[in-house]
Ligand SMILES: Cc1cc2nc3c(=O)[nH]c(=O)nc-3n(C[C@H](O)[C@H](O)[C@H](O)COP(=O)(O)OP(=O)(O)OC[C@H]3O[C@@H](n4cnc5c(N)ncnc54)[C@H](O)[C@@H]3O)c2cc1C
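One chain comes next, on its own, written as structure tokens: the form predicted alone.
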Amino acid sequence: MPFDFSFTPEQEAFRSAVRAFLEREVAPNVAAMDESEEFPAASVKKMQAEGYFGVPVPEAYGGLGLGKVGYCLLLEEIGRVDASHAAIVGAHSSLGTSPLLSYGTEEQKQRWLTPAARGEKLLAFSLTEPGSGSDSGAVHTLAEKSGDGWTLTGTKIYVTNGREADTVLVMAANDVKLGPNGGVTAFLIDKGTPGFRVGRCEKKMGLHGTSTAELLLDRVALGPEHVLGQVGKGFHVAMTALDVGRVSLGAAALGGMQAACRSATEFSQNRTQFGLPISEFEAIQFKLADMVMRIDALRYLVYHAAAHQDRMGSEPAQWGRQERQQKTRESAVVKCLASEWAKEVIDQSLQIHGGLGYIRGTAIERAYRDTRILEIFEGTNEIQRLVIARDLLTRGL
């Protein structure tokens, strides 16, 4: 596999524009958002107006048409500033617009994808239930046939953007006995649909700017136009979305690692102990070197995987089995390493900051809390290792 990669002048210009926007419109408000634990509605609205919620979507459907590489550039820059904003964009774009682009009919794309890409509507994705987490095929929210439509009943949990979303992509069981292979279907449910409501919103260790909601479905009646993809093939829809999400998660983690490394470097050059800046001590230099090694390695992994997904395009019917398996393995590798490396880099940055890093309200303390979830959501790292190992045993290196 080729690994040479460089960004185009247009991509670099996009990165610069995003960075300037985030420093101006988002960064000054992050500390207050974290303290108040409120969804950052004002900055999200500004990001939507800039087109940042439709970066990977083709222009024909209201997006910026910058593909997965452009999308990862966006998430990397957001990750440098705030993990909550990255999670909000990721839940909308990776898990919302991506499956619509790949599996939606033309009518569904016009109805749901285009306004979402334009920033007129916010999306969410719902797979996890009280009884199913890592066993993502064990969906018990029921989808019962009703005439030419469906009736959905059940409970979903841990839905990012669940409280604010205008439309939620919900996985429900059309046949519990079949499990993921034929028994799960993807449905699009709009806010305000009778029987569909938001339940409890969780209080969390980190990501204080995001809502993590329970969704309650009480005999929600949907027409056939609300089915995304084929009946019984919802697991494929979900896994395709998660392949995108795991790579973009890696991009956001990369941004967070860079911010932590920069903060540690600057602090070590200005903090004096025993008559010298602590950056002069080998113990500190080794920590900084470890940070840089992980950042450089992750950058190649993220953009190699994103460029591969761009080359594959957005039509699953055109993907060969080997290429699909490679895409899934790459996304699992990125997600697993990014989440663990981010934790290590941010932990070492906090260590360099010493007691200051442990003080509530500092950027590194917030990053420490925010980063822990990366090893859990979008598939735990234990599941990623199963995906990688099984592919290795099947296809080899």
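Don't overthink the numbering: it's just position in the shown sequence, from 1. Keep in mind it's a predicted model, so treat the numbers as computed, not measured.
Quick note: we don't show the form predicted in complex with the named molecule, though the next part is all about it.
> Does Ala17 reach the named molecule in the predicted complex if we count a contact as any heavy atom within 4.5 Å?
Replying inline: Looking in the predicted complex, residue contacts with the named molecule do not include Ala17, since no heavy atom lies within 4.5 Å.
>> Just checking whether Ser268 would be counted as a contact of the named molecule in the predicted complex - the rule being heavy atoms within 4.5 angstroms.
In response: Contact with the named molecule, no.
> Is Glu382 a contact residue for the named molecule in the predicted complex, using a 4.5 Å heavy atom cut-off?
Replying inline: Yes, Glu382 lies within 4.5 Å of the named molecule in the predicted complex.
> Does Ile376 reach the named molecule in the predicted complex if we count a contact as any heavy atom within 4.5 Å?
Replying inline: Residue-level check for Ile376: yes, a contact with the named molecule.
> Out of the stretches listed (143-151, 204-212, 96-104, 74-82), which one is close to the named molecule in the predicted complex, meaning heavy atoms within 4.5 Å?
Replying inline: Result for this chain: 204-212.
>> Considering non-hydrogen atoms and a 4.5 Å limit, which listed residue (Asn181, Gln230, Thr272, Ser134) is close to the named molecule in the predicted complex?
In response: By the 4.5 Å heavy-atom cutoff, the listed residue in contact is Ser134.
>> Please identify the residue among Ser279, Gln325, Thr128, Ser263 with any heavy atom within 4.5 Å of the named molecule in the predicted complex.
In response: It is Thr128 that has a heavy atom within 4.5 Å of the partner.
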